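Heads up, the chain below is alone and in the form predicted on its own; it's given as structure tokens.
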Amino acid sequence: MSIETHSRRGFLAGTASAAALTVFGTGQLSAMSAFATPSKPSAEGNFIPYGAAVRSDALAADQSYREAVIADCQLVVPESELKWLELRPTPDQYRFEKADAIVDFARQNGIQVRGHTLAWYGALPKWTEQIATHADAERELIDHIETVVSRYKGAIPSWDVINEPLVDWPESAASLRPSIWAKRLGPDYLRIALETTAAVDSDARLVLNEYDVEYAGERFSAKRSALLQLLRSLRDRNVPLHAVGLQAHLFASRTIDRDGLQALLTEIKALDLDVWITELDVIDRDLPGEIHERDKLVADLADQFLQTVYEVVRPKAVLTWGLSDRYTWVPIYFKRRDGMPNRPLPLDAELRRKPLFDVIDEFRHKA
């Protein structure tokens, strides 16, 4: 695993807190009537909807941020609140307070919610390390998915069911990241997770979410090849899957492989799978410090990526991993050496629109 990848994964796991106050026993869980009404359509007309990862604590405490999300987003995705570490402090407890708050906020403001994530190697509570057998792992995974998806049925119409299944430099589709699920269930955990989600909510759109497929270089080419093998394998076995999520954490120090990415997208399209852009931001650590120049380079890189995608497939949505530079994971591990603040997102720390926002807005209005 690269230093950059490891750092991001560590941060995302660490941001998931188990501090929610309301505790539900497993026997008490059911879909909440307050969430039964679907959100309004996620975009006006035929425009590509835009959304962002949000944090429940910021929505609760920061009114200006809350208003910006309402004004700018047709979709939101909880940054950590639907991960195992947040929801499952113990094997027999589910804590939904923070996730419920985001879903209720979205419902009240006509915003759709995406679910992230049901089966991932990261952000797992410590107790999962004690899962000892195939049967125990299958039971825990199925119980978790049934409980969580049924709770938000009708309120969360798409889920990142599988998140980051492949190692950084895979040899094939069998090169799965080490996890309790891969250890106890092998590659079958992918099928179990997808089939269980489909059984609970037949209307939900099921997404396999992956990163590092857009760049030039042997490692990234290997990732594209293994991902395509994995998608074909799932299709060949009639495992339910509707879309591929491209995370699109764009590094200014890397080169986008236009031909390689477009070849992958062509094959994804041939498999009758949709494409979502799920976690877009630009890691600006290596860009010049001057604000106007840096913001333009950030926007140009995003524009290059989006245009490359759009020439092959019209994505179902574009989501950034955060809306404002006020709340972003980037400076935790990619702080600039010149001491200036990072600027990876569409709005700056004062919630002012940046060129990146304009690029996304222009892109989503394409016919």
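The first residue of the shown sequence is 1; numbering continues from there. Computed from a predicted model, the values in this text were never measured in an experiment.
Separately, the form predicted together with a small molecule exists; it is not shown, and the next lines address it.
Only one listed stretch (106 to 114, 227 to 235, 181 to 189, 73 to 81) carries heavy atoms within 4.5 Å of the small molecule in the predicted bound form, and that stretch is 73 to 81. For the candidate spot formed by Tyr50, Gln304 and Phe357, no residue has a non-hydrogen atom within 4.5 angstroms of the small molecule in the predicted bound form. The small molecule is not shown here, and in the predicted bound form it never comes within 4.5 Å of any heavy atom of Val167. In the predicted bound form, the small molecule stays beyond 4.5 Å of every heavy atom belonging to Thr197. The small molecule is not drawn, but in the predicted bound form it has no heavy atom within 4.5 Å of Tyr94.
Contact check for Trp120: a heavy atom falls within 4.5 Å of the small molecule in the predicted bound form. With the partner removed from view, the residue among Arg285, Arg205, His144, His249 that has a non-hydrogen atom within 4.5 Å of the small molecule in the predicted bound form turns out to be His249.
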